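Read on for two forms of one protein chain; each stands alone as structure tokens, with the labels structure 1 and structure 2.
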Structure 1
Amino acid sequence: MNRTLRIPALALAILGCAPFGAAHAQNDKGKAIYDKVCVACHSAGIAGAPKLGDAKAWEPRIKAGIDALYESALKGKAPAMPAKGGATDVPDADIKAAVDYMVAAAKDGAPAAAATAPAGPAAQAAPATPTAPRPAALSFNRLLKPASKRNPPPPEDGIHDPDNDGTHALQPPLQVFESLPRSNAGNRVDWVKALDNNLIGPRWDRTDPAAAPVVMDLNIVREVKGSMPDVVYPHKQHTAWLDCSNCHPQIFIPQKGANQISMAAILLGQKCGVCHGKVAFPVSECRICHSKKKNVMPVKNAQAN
């Protein structure tokens, strides 16, 4: 059932801003910060984050007052909301602008959602359509399971709909993976080697089986602090599977220095964690990504002449 969000005048006074529609339209700074910092969780509802424009999810948060929303955004909130969404270098005022943008979007999204609902007595009498249970949005490192529970059949994997007859027609992964090269990570298949050896051929287009991928052979090296090797991101292996629009610009802004990436953010399902740990190998095998050794200068012997 769609519900229109109603905010009393007192709440507007507490928020200390113009009516939400106007604020949403004018808050360019808030939108920019949302697109840079918040979109990974708030666009998909990861870890229970209220989706942008979801009036019902935002209603109790708005009732708590704008100061409570600011505090959650700036200081973080258990169990999965990091301080400033993990972008600790972003000024407080910009984070607050992003909160204002999302609050305004909740108000703007409510009429649109209500307008799509059928009207009249017939609609009120219509029974609700049952939906299949969905897995939790954030089940990070789903691939890190005991050997006895890895690669379960599709009806039991928590991804496919067990009530769909087509799910039961799919081959069990253990049977399919048997002839593929082995790996020590994830679902124990070396997918890159399988791809390089032409053992698999990802389908690029859903309707055109002859469509060829647009593969970009470009490695991005991301220097990391400390003694860990630098991270190498190989575009070739990723673009053989995915179109650029899967990652850019919502997950990664294609601009040097524009992406704040940390292991904390990845473990919360952001950046690389959007895929890795869910449908791609988990981050338990550090050397898969941290693969470029640093150029360490030799330490001179202090006693040498």
Structure 2
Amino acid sequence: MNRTLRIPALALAILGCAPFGAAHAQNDKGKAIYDKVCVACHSAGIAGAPKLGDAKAWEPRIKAGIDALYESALKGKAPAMPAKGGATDVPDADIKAAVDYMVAAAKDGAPAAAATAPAGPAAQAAPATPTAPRPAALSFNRLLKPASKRNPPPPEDGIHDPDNDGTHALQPPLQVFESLPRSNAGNRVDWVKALDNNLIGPRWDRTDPAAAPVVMDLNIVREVKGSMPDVVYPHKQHTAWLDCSNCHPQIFIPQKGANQISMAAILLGQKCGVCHGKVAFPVSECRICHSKKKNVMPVKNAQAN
């Protein structure tokens, strides 16, 4: 009796192992790609990325079909998923393997354990490449906002109420920012360049789309103390957006030497700080204003003059 049972059991075991072995190889490939590329976001769930092994987050995505998942992975998906997770040099098949790996992980619940438990050497290798999310305290540039957290859509931005239906009707900023020149601060859009290059056409008049500003091309140089380069204030870029009355005479007296300006005042929201640090590029961008190198004149020459 025992014997007759043992043979089919063995056969079943072999049959069971064969497809498992193939899937396992595929899984290894997927895991390798996952560990190299996808892990950046999908381990910690950055920017709404479904976490590896998070069955609940993956469920609706898996329901939408594997082809839709392949499509999102290969071509990217708003708001934050770049095409191929940013690794455009990886072949399509490998990306698909990584998707399969993540889908399998979601179905299993406990990915690493399930995949590696049957194979001895793999199980030993597993601790060397843990897939567990790294604690935030150990992340690279702990205090800097990672690129994936910039310009989130309104429901995810922390100040809009996601329970409000209107919030979901608002335009996600990245939808338009992607077509505009980038900068390193503020909205991360270079608004001056966007206007100069005619990429945006903000009206100068509330109702008349044809009205145009009278742009005044006059640079004011302010010599500053210390080693910082002098400030060049361009009327041109300012009058393209603003009316003279916005700044003169309330914020700046239109007279040379009549205005005391300091970085302390600007940081506290006065003078240039009325806009810079609130809506125009912030004060972290020192060199956009402090742009004119000082004439370093040797003392001897100065005396000779």
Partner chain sequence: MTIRHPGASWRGALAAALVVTICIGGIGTSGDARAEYADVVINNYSDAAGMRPVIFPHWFHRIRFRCKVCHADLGFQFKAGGNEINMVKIIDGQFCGACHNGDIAWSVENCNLCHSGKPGTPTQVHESTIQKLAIQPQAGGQQ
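Sequence positions of structure 1, starting at 1, serve as the residue numbers. What you are looking at is a predicted structure, and each value in this text was computed from that prediction instead of being measured. Superpose the two forms; the largest set of C-alphas matching within 1.5 Å is the rigid core.
Of the two forms shown, the one predicted on its own is structure 1, not structure 2.
The rigid-core alignment places the CA of G65 2 Å or more apart between structures 1 and 2. After superposing the rigid core, the C-alpha of K271 moves by less than 2 Å between structures 1 and 2. When the rigid core is held fixed, the Cα atom of A32 travels 2 angstroms or more between structures 1 and 2. Core fit done between structures 1 and 2; CA of I95 shifted by 68.9 Å. Core-aligned Cα shift between structures 1 and 2 at P153: this is 5.2 Å.
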